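Below you will find one chain, with nothing else, as structure tokens; this is the form predicted alone, and questions on how it binds or moves follow later.
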């Protein structure tokens, strides 16, 4: 729905004032905020029109107005078209990302925690793009009770997998060298799809550690089908302090893995996407894909009520995803 520039400015100012103050919007408050060169009576008329169009609603006949879900959505659409990341935000994320000696799950968890603390809202990261991880090295270590620990280095961090197979130190060393030599620089998905062809072409080379390789591939196929969710609840206390009922709804969502997975699905329409909760469902989400080398590895979402700081959160997520985009394969 097209709005005049004045109506657009008034609506965006109204939404931002309500997010900031959590109190109904008045023509006087808008005049102070926007510094528009028009009378209070004109602003009152514009607010009446925005209400009639469904962007605002009046809680009481003599009271001010608050944004509707439609109003929030219009604000968010304009925000995502015009917004850009603020330099200097979330420098801690860049430090986490540049350290690739941590496990991938630890890196994901640390990023979620930093974003949650920075935005003051609960944050969720969903890992579901293991097949796009670019491999750098393999290290296999024999354990007791016929188990082998596998450390898989990637350009973003390492992942671990324990496989049930009996293997000697020599078998593990040979398998480590073989896998690193043939799959360094390739994706995990490529390795899973093509390992059988490599086995056929080099059967003699891997015959001694065939069982190790087979067990590893079975474990990686299982890992590739999994979704890893990391939920950080920093900011939950503030939600309960602001509005107990809204806070409870959001905390209930954080306990539901299926609902979280659905909320974090990306449509591919943009770097940052926003879903504004309906009037009866106060849960909104600002989310973004986490991509490395142009491939999506995960998605990150900040969960909150309708009245959340969309601009600040979108900017914070933009910093995160732009920092990750800078990572290149080695």
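For clarity, every value in this text was computed on a predicted model and none was experimentally measured. Numbering follows the first chain given and starts at 1.
Here the subject shifts to the form predicted in complex with the DNA, a form of this protein not shown in this document.
Heavy atoms within 4.5 Å of the DNA in the predicted bound form are found in one stretch of 66-74, 22-30, 295-303, 258-266, which is 22-30. The closest heavy atom approach of residue 35 to the DNA in the predicted bound form falls outside 4.5 Å.
In the predicted bound form, the DNA sits within 4.5 Å of a heavy atom of residue 44. Contact between residue 58 and the DNA in the predicted bound form is found at the 4.5 Å heavy atom cutoff.
Within 4.5 Å of any heavy atom of the DNA in the predicted bound form lies no heavy atom of residue 8.
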